[in-house]
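Okay, so here's just one chain, in structure tokens, the form predicted on its own.
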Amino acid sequence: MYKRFIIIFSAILMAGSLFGLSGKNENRSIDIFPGNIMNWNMKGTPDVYKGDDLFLYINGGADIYQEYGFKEVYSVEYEKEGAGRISVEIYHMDSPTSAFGIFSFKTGGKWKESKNGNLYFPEEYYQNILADNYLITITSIDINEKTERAIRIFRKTIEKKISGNSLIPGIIDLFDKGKFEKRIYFEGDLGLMNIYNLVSAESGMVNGAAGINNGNITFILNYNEGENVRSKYSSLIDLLKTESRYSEFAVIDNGVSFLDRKKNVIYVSILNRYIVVFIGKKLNEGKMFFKYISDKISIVK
């Protein structure tokens, strides 16, 4: 009986290892934190906020994380005598796509690729890293040359722990890096509205992407497969017509154009299974963007 118990228990342990159920994997967020580096010492243990507790941690702005698919965040400070403090936050998202979305949102649609495949974007006293389901934010709390230099060391140390290719959603690939300064992925109306407040009501989209170049914004809005895109397009146009800030609606080619209060031209049309929206100063530029996007979409399976 005792031998039988040992065999069963060993099998359970093996299954847990195979399916990522070990204690170490359960606490992977904790494992990402670097140890004490060059006399930068962790202050206490990381705080954790899960689900709706995020609203207790972030004073405004938690909604956008929830829309992208937030699971939990771990945060802790490091301190070095005579240098200051550095904060490290590890956001665990629902999926690599969700993680990329909040990463693209926080970096304003810009990023670089590190040698080990992670994405990151450095700012003077602030760095974001993307890997797998994780967004890691490193911030200099005390702004000086020592903390600025230290956050670069922290980034490289963390990247060694989470090396691997980040997942860029296919809809983002419709915007070539060379043609668009910024590329942002969103998973709901809140993400869209943070780029441009297009509609006040829910648009019904599943997800989308924005490409920004020379002050022009092009949105690609995606809806559930099987839904009638033409019907969604008609509903969106009806929503836009209820907005008092828009004027001079006109049917042009296969879409609808109108102006916002700043006299930006907005042109909306259907391309393939997507609804595409151009916002800019000149309609001709919009048509050029539509031709470019149309060619790109036509080769997407």
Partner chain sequence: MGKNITRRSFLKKGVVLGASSLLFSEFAEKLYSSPKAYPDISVVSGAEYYNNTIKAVSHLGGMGKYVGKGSKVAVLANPQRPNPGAFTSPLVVSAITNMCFDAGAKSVTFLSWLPAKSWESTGLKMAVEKAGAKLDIVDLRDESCFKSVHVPRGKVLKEAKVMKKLFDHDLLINVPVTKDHIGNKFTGTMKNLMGLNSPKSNRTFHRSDWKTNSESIIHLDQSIADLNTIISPALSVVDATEFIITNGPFGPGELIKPKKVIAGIDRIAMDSYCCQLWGLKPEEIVMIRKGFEHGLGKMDLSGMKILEEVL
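In this text, all values refer to a predicted model and were calculated from it rather than measured experimentally. Positions refer to the first chain, counted from 1.
A second form of this protein, the form predicted together with its partner chain, is not displayed here; the remarks below concern that form.
Residue contact check: residue 35 to its partner chain in the model of the complex, 4.5 Å heavy atom: Residue 35: no contact with its partner chain in the model of the complex.
Distance check, residue 236 to its partner chain in the model of the complex, heavy atom within 4.5 Å: Contact with its partner chain, no.
Non-hydrogen atom contact residue 271 with its partner chain in the model of the complex at 4.5 angstroms: It does not: once its partner chain is placed as it appears in the model of the complex, residue 271 has no heavy atom within 4.5 Å of it.
Contact test in the model of the complex: residue 173 vs its partner chain, heavy atoms, 4.5 Å: Residue 173: no contact with its partner chain in the model of the complex.
Heavy atom contact within 4.5 Å of its partner chain in the model of the complex, the stretch among 145 to 153, 217 to 225, 114 to 122, 74 to 82: Looking at the other structure, the answer is 74 to 82.
Among the candidates 194, 95, 213, 207, the residue which, in the model of the complex, approaches its partner chain to within 4.5 Å (heavy atoms): Only one option qualifies, and that one is 194.
Within 4.5 Å of its partner chain in the model of the complex: residues from 54 to 85 (heavy atom criterion): The stretch touches the partner through 55, 56, 57, 58, 59, 60, 61, 63, 64, 66, 67, 75, 77, 85.
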